[in-house]
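The chain below stands alone and is given in structure tokens; this is the form predicted alone.
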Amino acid sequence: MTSRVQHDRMANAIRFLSMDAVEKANSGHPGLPMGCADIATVLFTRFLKFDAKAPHWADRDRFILSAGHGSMLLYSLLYLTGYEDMTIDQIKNFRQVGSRTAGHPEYGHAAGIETTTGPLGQGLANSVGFALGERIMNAAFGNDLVNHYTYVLAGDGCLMEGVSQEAIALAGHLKLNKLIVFWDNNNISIDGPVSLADNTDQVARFQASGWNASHIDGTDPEAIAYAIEAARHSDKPTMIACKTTIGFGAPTKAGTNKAHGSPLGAEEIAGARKFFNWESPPFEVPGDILDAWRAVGTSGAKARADWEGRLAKADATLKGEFERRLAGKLPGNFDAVISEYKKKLSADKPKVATRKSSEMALEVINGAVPETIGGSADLTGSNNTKTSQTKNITSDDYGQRYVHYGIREHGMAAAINGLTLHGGLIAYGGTFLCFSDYARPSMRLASLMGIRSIFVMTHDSIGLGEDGPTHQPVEHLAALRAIPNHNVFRPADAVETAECWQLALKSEKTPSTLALTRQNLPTVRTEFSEQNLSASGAYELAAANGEAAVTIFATGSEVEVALGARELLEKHGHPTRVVSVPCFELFEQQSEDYRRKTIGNAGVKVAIEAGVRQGWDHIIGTDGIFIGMTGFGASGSIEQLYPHFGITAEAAAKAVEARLHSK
């Protein structure tokens, strides 16, 4: 066991690398690494199962720095333990353009960063997905291949954010006992003492949510070790409230908000060097201490080698399935299964809501892809996210495939990201499209991280009727389309829905949202196409009889309206084509030639979508006709609302003819 003197020196290496990096950058948060260095040192030296030389080892323990502003704690640990891509130069370039050491930890920038944690509470909420992912994979592949912990370091801000309650309630309910959270209990936030804004008994709150929780001295290595050991033997998730001092060791700023979000300054750092008897110059770690940390970084090599031996000896089918899932690859017959299903749809021509089409597609997908994990925020019967293969995951049975997230959209979306990041699983979850506002922070982070999270958003327009304007999304399609690297799919019928699901599952680096109707829609793709036409983002669904005078672009339920308008216009001698636009983002990725050809040269361009115009002008131009919403919806039946807001074939045709006659 590490002596107290050795422990202190190893912890101080974290403190001074952090102080020096923040000082050189003239930006950052030195307070958390200084206060939490003892917690991190005990965890990494005595408990964390990892191998710095094999950072993606599937059965490693996960360490998530939810309090992402304290990023230098994580970067220091990655450098000290010998992660190859975290060099001393990266530490010196903290917060600089092009460095791996961004202001907050960014997934993909460096090995050892398990998730992007900037917005407070997200890491904590992701961790519920990580811990649940471990249990689901364990149920599928056994202790020999999957048996690890998820450790989280969270701050006051993480616990104040509302998402934390959604996350901890779900974790407590599911008894995710391999989830261990350290709370950096330092009583300081940016504005000053936490007591300015909050006096919650956090330990009692976690206990009330089904967790073990207790107070310890966060600077006492033995107290920290004892608490971790106890947590590892618990049948509940554990929160350890670690009493710390922000900026510990800084002569005048320790324990104050001045140590939170700005460099300490040369004088304060000199005082801290004296306090800790640290004589090394900036960015230098004494050789014996660096050697001790590097030994920690390789100490998991035996456990990893043993695990690799167990994997090598595993049943060939089990091993192959495990490796396929971890690689994120779909079963080899996936495309053939979807193609066969599309043939059936084109023959049967079902008239169903796209939320029902989605359920039908998922019935096929979940039968072919065993790693899909479904769920809903208490709207299972409305979102249609459950199929015959997806029975309920419970604290007694993690071997199933459906999560009842409860009325927790924010927590659900963050947990989906955690499940995705864990590896071996494809997670999707549902709610109403207007409640994407609650899920949006996590949806945005999925896009930023470039991961395959899938969000099922039903009740996608005023078509949901009597629930009224609070539930009728009008700006949400535009808002979600504004997120970079996020595919927003709005399919027109059962065939497009199957294609959009196929694309979402094959999209390994871009998350997807499927916007789905409540109302029944006819099958508009009546001729089978082996090709996934939705993959182009937009395609000609109905050609004009002659050279097109009008092109109508539409998505989802409004494709039916567009086809009706085309029929009226053609009868009146105006050759009209209809282009279905299931995904703006994929259309923008097509060649300029394809886009130009699809948009066409018709003198009148029209877009029909039961949402706001924003985003359509790049297709129809600023002088194009838009048939849609200009404000909020209203309560009433769908039969009343579409005519009330002028979203009908007749209204579209009339607007086109008025334009044609004015030319």
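All residue numbers refer to positions in the sequence shown, first residue = 1. Predicted model, so just to flag it, every value in this text is computed and none were measured.
From this point on, the text means the form predicted in complex with a further copy of the same chain, which you will not see here.
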Using a 4.5 Å heavy atom cut-off, are Ser27, Gln96 and Gly381 all in contact with a further copy of the same chain in the predicted bound form?
yes
Using heavy atoms and a 4.5 Å limit, would one call Lys253 a contact residue for a further copy of the same chain in the predicted bound form?
no
Taking any heavy atom pair closer than or equal to 4.5 Å as contact, tell me whether Ala208 reaches a further copy of the same chain in the predicted bound form.
yes
Although a further copy of the same chain is absent from this view, report whether Pro473 comes within 4.5 Å of it in the predicted bound form, heavy atoms only.
yes
Hey, in the predicted bound form, is His215 touching a further copy of the same chain, heavy atoms inside 4.5 Å?
no
May I ask you to choose, among Pro331, Gly103, Gly328, Pro350, the residue with a heavy atom within 4.5 Å of a further copy of the same chain in the predicted bound form?
Gly103
Partner-free chain; cross-checking a further copy of the same chain in the predicted bound form, the single residue of Asp89, Glu466, Glu279, Glu340 with a heavy atom within 4.5 Å is Glu466
Looking at 231-239, 153-161, 541-549, 266-274, which one sits within 4.5 Å of a further copy of the same chain in the predicted bound form if you count heavy atoms only?
153-161
Any residue of 406-429 with a heavy atom within 4.5 Å of a further copy of the same chain in the predicted bound form counts; write them all down in order.
Gly406, Ile407, Arg408, Glu409, His410
